[in-house]
Structure formats: C-alpha cells, structure tokens
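What follows is one chain in structure tokens, specifically the form predicted on its own.
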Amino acid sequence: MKIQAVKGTRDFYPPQMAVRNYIQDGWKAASKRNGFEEYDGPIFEYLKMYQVKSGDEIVEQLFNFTDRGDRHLAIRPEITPTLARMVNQQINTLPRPIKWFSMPRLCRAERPQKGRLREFFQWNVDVIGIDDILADAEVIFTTIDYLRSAGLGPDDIKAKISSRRMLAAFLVGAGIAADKLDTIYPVLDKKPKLPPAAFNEMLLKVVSDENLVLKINDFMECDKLSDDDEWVDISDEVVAAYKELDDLFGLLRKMGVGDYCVYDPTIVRGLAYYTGPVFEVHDVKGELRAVCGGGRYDNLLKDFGGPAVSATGMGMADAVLEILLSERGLIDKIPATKSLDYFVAYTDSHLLQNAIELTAKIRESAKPDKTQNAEFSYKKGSFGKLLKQASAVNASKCIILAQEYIDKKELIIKDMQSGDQQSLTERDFLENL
C-alpha cells in the first residue's frame, strides 16, 4: 500500500530543508541582534489553556485528544499560551523586560489552502513587563528588520498598524456598550475581506443602528492619522489612544522603518485579548494572506492566573512568507543543501583506507569557530570522474590520492572554484589545516 503524507503537511527533502533553514536562520539572527532570547515548550498542553485564550470554539480548530489519564490535551496551535504559562511560573525571578523568541512547529485542524497549512513553523517575538509604546515599536521593528534582511523592501510589504484601544474607545464613545465589543471585533476584522454591502449587513446584525454603521465605516475608512478628524475628540480615552499610536509611528520613523509602516484602521485582529496597538504585515500587491500579525495583550498573563503584566508580541508563519520570498525571487539562490570543505578521493582501491584515515583527521581538526566538513568517495575513479563527484557534493576542494601518494605521500589538492591545483605532503597539509 502506498502511503501519502497527510494533507496540509510537508515533507522536507534536502532542497526544501535548505529553504526552511534559510528562513529559520534569518528569524534567529534578527531575534538575537535585537536582544531576544530563545525559548520553547512542550508540543502539547492542556486543552483548557487554549480555551482560556480563544474561547470554546477554538476546540474545533485543534488536534485534541484525551490521554490515558483521562486528561484533555491538544497539540499546540500557537505558543503564546505556553509563553504566558511559563512566565507566570517564574514571574518573580525573571528580569524585565522579558524579551523572548521562539520558532515552534504548530498544528491546526484547518482546511489547507494557499498560505495556510495544518502543520507549520512560526516565529514569535514577545516583550513582557514594559508598559510603554517603545516595546510595541521594538516588536514591529524586529519584524521589519528580518523582512528587510530577507530582501523585501517598502515596495514589497507594508506593516499595517492600528489600535484596539482606540477602536474600543471610539465604539464606546459612539454608544456601544463595553460588554458588546467582543462580539463586534470579529465582524470588523472581516471588513477588508468582504464586499461593502455584505459587511454592512453583517455589522447591522450586531449593532442594530444604521447611523452607527455609517460612523463605524467612516472611522475604518480613514487612511491616515490626523487629529483633525472629528472622531478624535469623542472622548479623552480616544485622545490618549490616538497620541499613543502617533508616538508609535514617530518611534518607527526614528528606527528607520517608517517607510514600511502605514495606518490602517481595518486591522482589528479578531481575538478579544488584544488591548492596544495591533498590526499585520501584508504584501503590497494584496495577493496573499497576512505575512504576520500581532499586538499588545496586557491581560493574558492575568487570565492565566498570574499578575497583570504588560505584554506585546508578534507571530509569523513560514508558509505565506515562503510564497512571498519565492514570488520575489529571493530564495532562488539559496546555497546548495550539501556543502563540503573537502572531498577526499582516490584512484586505486587499495588507497581507500588511507582516504578514510585522512578524512577522519580533517574532521578531527575542526574547532568551535571553524568547521571542517569532509567526505570521502566510496569508489575509486579517474581524475575526471572524481572531480565530477566533488562538484556534485559542492566541495570547495578535492583531495586526490593517486600515484604521487604511493611514491611520496603527496596529495593532489584541487580548488574547485578557481581550478588551481597543488601538491602537498600529507604532513604539510594536516599541519596547515
């Protein structure tokens, strides 16, 4: 019976693994140069953790099961609840700010489609313990810092930024009860994805006031921050949230990424747990799903039984990112999956043992700051065939043991890039490694 991979999952053959490593190495480098430390957690958690964060409806989107101890568990669909749990466990001993990043493998029981898989990797960066807009700016900057390093410019992507705090203050000021906001956010989140008539019909079902629907549309269709807008003075809380968002854009300009950032009030982020600035990165052409998204979530640690601690973060899945990088031609020239410093070959079968011994000595010479990748040929061959083998494994140099080795212990060393060739005794070669 021929068994296929499960739908919505991927096999990582060496070429695909090279792309995955390229992306994850970039994530890790951007995290570290911006001062984030790496963490991870278990691949499954108690199901209740995800229900606390996202509601009971999340159960249908998870791979969940009951273990032998009758415990209800779920394979992680995200890592933020794990982060909250871990921080809460050591909240009194962790120095602040807590700046952590992770690159977990996640699973969601969703219908696979372009840019959305049932199993994927996600880069998360979070800053916990800083109640200042500067933390939000650093998360957004770190996100753009990676995308910029991957070759994406402001003509390719935009970070669309809004504020749940400002949206909530506007809605309450316009007459919507605060306890109704959580039912409105998921609807507002659909505005960019629906025709205007369909969106208005859906919104009218939850606000029941046509004039209010018009006001909300006016608010969400404003394409720039301006204190001249009449809604800014609707309440002191709106004014405070507006100033916070304006300060955020000012910080991003100071950080040198202002040309990547735009104000877009249609960025709502449907989950109820966001409390302040929110953002998503989209391709400028608008052909793909959001590359990433995040925002401030000041209540999550408290919801998980910990103290009220400020937090902000971002998550970027690899699926949409890989499509975008591929479409922009930015992963076409990823280095070969296999790369060797030396390929040791031989022209006579009785030299195999010598080739094995030399290869082992090359590998043994490696130091923490300098690897020596070496491989030997399994079969003898002519010079031409041996050089083709060295080229096929992307070796920098090919070392050939031939008659010269038998006569004088001399190695023929061929530089595969320049074509230069020299002869060295085995002793001199090893001393100069």
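Bear in mind the structure is a predicted one, so any value in this text is a computation, not a measurement. For clarity, a rigid core is taken as the largest C-alpha set superposing within 1.5 Å between two forms. Don't overthink the numbering: it's just position in the shown sequence, from 1.
Not on display, but discussed next: the form predicted in complex with the RNA.
Enquirer: Report the residue, out of K408, K379, R33, K48, that has at least one non-hydrogen atom within 4.5 angstroms of the RNA in the predicted bound form.
Expert: Contact check passes for K379.
Enquirer: Hey, in the predicted bound form, is P265 touching the RNA, heavy atoms inside 4.5 Å?
Expert: P265: no, not in contact with the RNA in the predicted bound form.
Enquirer: Just checking whether Q4 would be counted as a contact of the RNA in the predicted bound form - the rule being heavy atoms within 4.5 angstroms.
Expert: Heavy-atom contact with the RNA at 4.5 Å: present for Q4.
Enquirer: Using the partner position in the predicted bound form, report whether F383 sits within 4.5 Å of the RNA, counting heavy atoms only.
Expert: Within the cut-off, so yes.
Enquirer: Report yes if any heavy atom of G270 sits within 4.5 Å of a heavy atom of the RNA in the predicted bound form; otherwise report no.
Expert: Flag for G270 set to yes.
Enquirer: Determine which one of 369-377, 65-73, 39-47, 398-406 lies within 4.5 Å of the RNA in the predicted bound form, judging by heavy atom distances; exactly one does.
Expert: Checking each option against the 4.5 Å cut-off leaves 398-406.
Enquirer: Can we say Q113, R116 and I412 each have a non-hydrogen atom within 4.5 Å of the RNA in the predicted bound form?
Expert: Yes, the whole candidate spot contacts the RNA.
Enquirer: Using a 4.5 Å heavy atom cutoff, which residues in 64-91 contact the RNA in the predicted bound form? It's fine if the answer is none.
Expert: Counting only heavy atoms within 4.5 Å of the RNA in the predicted bound form, the contacting residues of 64-91 are P77, E78.
Enquirer: Does the distance between the two CA positions of G419 reach 2 Å or more between the shown form and the other one, the core being superposed?
Expert: Passes the 2 Å threshold, so yes.
Enquirer: Would the C-alpha of K28 be classed as shifted by 2 Å or more between the shown form and the other one after rigid-core alignment?
Expert: Moves: no, less than 2 Å.
Enquirer: Using a rigid core superposition, assess whether G381 undergoes a CA shift of 2 Å or more between the shown form and the other one.
Expert: Indeed, G381 is displaced by 2 Å or more.
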